[in-house]
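Below sits a lone chain in structure tokens, taken as the form predicted on its own.
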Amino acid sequence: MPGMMKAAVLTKPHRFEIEDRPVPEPAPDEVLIRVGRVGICGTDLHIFNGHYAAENLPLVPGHEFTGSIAAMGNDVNGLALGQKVVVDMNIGCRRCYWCRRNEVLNCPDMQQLGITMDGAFTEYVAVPAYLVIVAPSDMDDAVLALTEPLACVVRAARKAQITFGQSVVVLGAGPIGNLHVQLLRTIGAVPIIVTDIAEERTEMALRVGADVAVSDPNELHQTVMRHTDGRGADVVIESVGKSELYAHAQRLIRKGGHIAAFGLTGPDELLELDVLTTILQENSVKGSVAGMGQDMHDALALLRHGRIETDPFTRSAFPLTDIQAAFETIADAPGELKRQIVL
């Protein structure tokens, strides 16, 4: 075990510094992970740009990761050195009302790897052993690093109670929007209507399971009504994070329909809700943002058995030393659904 490691520290918005740090010593109930791959998440971009969790800087971000067990605390059982693993990023107290209901994000003592505490843009990271999930040894690291973002999508579908035969509109065809489309196809939702102003991304969404794609915002409402017999969609998933899209979603759902609030907005953005219509039509809005617990296991199973087309997510990789460039140029590559850091 080396004594020192490289870590990418976001010292302030838009500025990473590669630092030499001591390799963490795992606590008795922790596991030390030798990080293999880490995905760059939309949340990481929000942190990079100073729009989210700025109060936690300096910080080592990174939470979509896989690696192998390098060391274990004395109280850890049921795991072995060298096992390939993925990690649930959400750390709760495990005792409160919310933790018992697998709603860890609402735990008063909740911490998140790479957001409220140092994460995985580093060679080694120590994590609580109960959050470690053993992965098949023959699965590729690039695919395993998709477990956490897919778990977020699994949880959103679960919260929205989406089932076969339902019509769903996905607002945004970026990385998460694409995963929403793929999971909806697996569930049996139909029709799946996706919209994005980037035609390249709507074309990718069509290739992985969308039934209809719209790149002109002025055509979206008419298209949704045409493909739902004039009712509107059963569910609309907002996966971009813009208040105007949330407002538009209210006009796209059917009476009794549901808005799945997923995309992160700015902290000061508000949604003007048509309260009377929401009541009279029995519409609903439900938030979901992070996968946890069983969501992670379900996501890993979907990846293991090839239910998700992963190739568009695994083509672009940067070494840790180039993390600044990886973040700065990500907006210049709309055809890339995911960038990963390789350690």
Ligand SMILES: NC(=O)c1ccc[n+]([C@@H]2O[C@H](COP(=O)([O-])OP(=O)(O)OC[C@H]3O[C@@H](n4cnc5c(N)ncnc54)[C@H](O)[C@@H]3O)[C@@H](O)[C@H]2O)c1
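Superpose the two forms; the largest set of C-alphas matching within 1.5 Å is the rigid core. Since the model is a prediction, treat every value here as computed from it, not as a measurement. Position 1 is the first residue in the sequence shown; the rest follow in order.
Below, we turn to the form predicted together with the named molecule, even though it does not appear here.
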4.5 Å heavy atom contact with the named molecule in the model of the complex for all of 7, 26 and 122: no
With the named molecule left out here, work out from 111-119, 85-93, 232-240, 128-136 which stretch has heavy atoms within 4.5 Å of it in the model of the complex. 232-240
Could you tell me which one of 206, 273, 107, 245 places a heavy atom within 4.5 Å of the named molecule in the model of the complex? 245
Here the chain is shown alone; which of 54, 317, 289, 285 has a heavy atom within 4.5 Å of the named molecule in the model of the complex? 289
Wondering, does residue 254 line up within 4.5 Å of the named molecule in the model of the complex on heavy atoms? no
Examine residue 152 and determine whether its closest non-hydrogen atom to the named molecule in the model of the complex is within 4.5 angstroms. yes
Give a yes or no for residue 198: in the model of the complex, does one of its heavy atoms lie within 4.5 Å of a heavy atom belonging to the named molecule? yes
Residue 72: heavy atom within 4.5 Å of the named molecule in the model of the complex? no
Go through 104-122 residue by residue and record those having a heavy atom within 4.5 Å of the named molecule in the model of the complex; state none if no residue qualifies. none
Core-aligned CA displacement of residue 269 at least 2 Å between the shown form and the other one: yes
